[in-house]
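Coming up is one lone chain in structure tokens, specifically the form predicted alone.
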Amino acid sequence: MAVLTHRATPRSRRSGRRLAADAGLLVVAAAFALPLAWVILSSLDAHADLRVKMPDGVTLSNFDAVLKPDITFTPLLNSLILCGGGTALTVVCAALAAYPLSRFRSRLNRPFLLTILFATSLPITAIMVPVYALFVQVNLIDTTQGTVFFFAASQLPFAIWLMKNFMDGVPKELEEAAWTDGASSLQSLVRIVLPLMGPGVAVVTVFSFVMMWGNFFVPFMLLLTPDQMPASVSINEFFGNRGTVVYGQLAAFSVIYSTPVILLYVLVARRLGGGFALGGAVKG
């Protein structure tokens, strides 16, 4: 008696793989969504705890408790100064360093890029002790400008790597036309290359700012005065002794603390999705 066997068709196999991928993505999404849901719900709950639950009654008392100069406004201002200054310095230095790597060929380009790639893998904790000793010797410890410089230096290797890859996508013919008209290399960089690689500059800006904004260890080590501490360090004050935590106020502060990053992303989202505005600039 013949036995009939059914083989899975290619379409059914693709459907099975797609379902498995969708299930995996749902698990990953839930892992990110649950903490976010806890932060939002707990910020509106007067009796918040570690459980993800709907509040018994929506209240803004947690926000009223944390919206004070010494708790929120001063640390957020310190964070904006540190991260804004560090990001601006990082973007400017990365553009200046990436330009010769992208436009001029040299035997040292590859070793230099490999060194930059190695520098991005160094853990920040491995160099903080010598950095702290250096800052003490040059009188930069407990100074805003010193922390800004170190923020920029720590993000610069990966920023150069990103900026160089984006800069490679801008045709060199546009610069050659500008050079023919008498423009210098710096003028062609500022007026032609950077405007055309707007998405790349936006990516470097967002990446640098986010990495600095969430950095706890660097300002904790380099800043000593409580009035100079950024919000990434002052959030530690919500964790009291013996495990006592006011979860509602902690969640409210976390919502406020996340707002600048969300606003920055919203402002540059159009640039991130716009692509390179080359159009038919190189056609002729």
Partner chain sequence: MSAGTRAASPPVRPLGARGAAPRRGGLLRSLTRTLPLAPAVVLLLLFLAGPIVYCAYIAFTDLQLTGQAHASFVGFDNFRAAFRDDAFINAVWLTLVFTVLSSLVGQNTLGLALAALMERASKPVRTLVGAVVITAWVLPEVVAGFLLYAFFRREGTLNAILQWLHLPSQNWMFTLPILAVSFANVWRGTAFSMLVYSAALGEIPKEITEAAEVDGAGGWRRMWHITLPMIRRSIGTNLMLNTLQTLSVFGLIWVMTRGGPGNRSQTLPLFMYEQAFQNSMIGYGTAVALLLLVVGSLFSLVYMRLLRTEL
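None of the values given here were measured: they were computed from a predicted structure. Numbering follows the first chain given and starts at 1.
From this point on, the text means the form predicted together with the partner chain, which you will not see here.
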* Contact of L267 with the partner chain in the predicted bound form (heavy atom, 4.5 Å) -> no
* **Distance check, C83 to the partner chain in the predicted bound form, heavy atom within 4.5 Å** => no
* Asked: S154: heavy atom within 4.5 Å of the partner chain in the predicted bound form?
  -> yes
* To do: With heavy atoms only and a cut-off of 4.5 Å, decide whether C93 touches the partner chain in the predicted bound form.
  => yes
* Establish, in the predicted bound form, whether L60, T74 and V203 all lie within 4.5 Å of the partner chain, using non-hydrogen atoms for the distance. => no
* in the predicted bound form: members of 28-43 within 4.5 Å of the partner chain, any heavy atom -> V28, A29, A31, F32, A33, L34, P35, L36, W38, V39
